[in-house]
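Given as structure tokens, the chain that follows is alone and in the form predicted alone.
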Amino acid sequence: MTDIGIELDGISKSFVSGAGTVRALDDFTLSVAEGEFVAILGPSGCGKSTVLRIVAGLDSADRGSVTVAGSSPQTLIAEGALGVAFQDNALLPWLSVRANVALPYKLTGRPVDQARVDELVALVGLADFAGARPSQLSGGMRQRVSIARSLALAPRVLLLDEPFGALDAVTRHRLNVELARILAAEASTTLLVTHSVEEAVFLADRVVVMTGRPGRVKLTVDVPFGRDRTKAVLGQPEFLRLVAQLTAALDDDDTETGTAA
């Protein structure tokens, strides 16, 4: 992992509302190596999701530069090389699991690679539900469809914004294990925004802690576990030590007044 997958250099972003101007990010700088999995933690309102939206090309920075896989976010989107999965799975209710996973092909005007679609449906453990509609699936199953859809075009960069945030703790832990397995089979550079310290340490190669608003990088911690992680990692002393260290870093309150994404 030597090439840069995501480069954010000196990013600043403010929002104007009825309450005035709120600085969400100030001189936020982060490099993610190609193929690396980085998780971002931070207090509520620190701008975590704003970082992800800027990388995804859904928002623009007031100042600073953004490079994704050597190009602009818009270039990667046009190439179908950027995948995104949010907490709201945004599945089309009238389409089957298979058709939802195939949607990126339709949106980019490409012929559907049905073998790839079926491979991903099987990869997320939903082969027996390929013809089901979202209303027939549990919340965890819908999120797995969303993950599969984000991987449909074999994106070079994958962005995950609290993909399991609305799920109960047991289902969330189970899907963390599934996601680790799924991404081990792919080669995407991955950026995850989460409120869960345990989730960040379990999934990521590196964890970044943000300051309170305006968000900056406060702490970066390397995670010393291989990609082939199982539930057994959760009880290891080093896992527990890292969780405690990152939790302590989040406890410091340095947030300005106001609100931000």
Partner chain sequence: MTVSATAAPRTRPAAENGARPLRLPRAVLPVAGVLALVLIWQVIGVSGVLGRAVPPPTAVLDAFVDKGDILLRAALATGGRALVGGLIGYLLGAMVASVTAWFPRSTTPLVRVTVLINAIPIVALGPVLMSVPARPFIPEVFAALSVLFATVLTVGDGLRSASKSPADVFRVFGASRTARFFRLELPSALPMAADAARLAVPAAILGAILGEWFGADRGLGVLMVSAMRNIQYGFLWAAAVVAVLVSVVFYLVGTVLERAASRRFGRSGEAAVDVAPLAKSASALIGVLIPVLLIVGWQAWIWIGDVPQIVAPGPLGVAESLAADAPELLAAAGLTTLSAFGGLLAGAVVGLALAILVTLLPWLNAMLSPLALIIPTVPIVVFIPILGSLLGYGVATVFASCVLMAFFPIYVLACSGLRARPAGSDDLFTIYGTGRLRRLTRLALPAAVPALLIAVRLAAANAFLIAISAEWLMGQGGLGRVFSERRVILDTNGSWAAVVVAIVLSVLAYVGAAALERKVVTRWRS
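Since this is a predicted model, take the numbers as computed values, not measurements. Numbering follows the first chain given and starts at 1.
What follows is about the form predicted together with its partner chain, which we do not show.
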Decide whether R53 counts as a contact residue for its partner chain in the predicted bound form under a heavy atom distance cut-off of 4.5 Å. yes
Please run the contact check for A132 against its partner chain in the predicted bound form: heavy atoms, 4.5 angstroms, yes or no? no
Using heavy atoms and a 4.5 Å limit, would one call G140 a contact residue for its partner chain in the predicted bound form? no
Going by a heavy atom distance of 4.5 Å, is P224 a contact of its partner chain in the predicted bound form? no
Which of 192 to 200, 39 to 47, 64 to 72, 227 to 235 sits within 4.5 Å of its partner chain in the predicted bound form, heavy atom basis: 64 to 72
Only hit among A127, A169, A184, A90 for heavy atom within 4.5 Å of its partner chain in the predicted bound form is A90
Residue by residue through 100 to 127, tell me which have a non-hydrogen atom within 4.5 angstroms of its partner chain in the predicted bound form. L103, P104, K106, L107, T108, G109
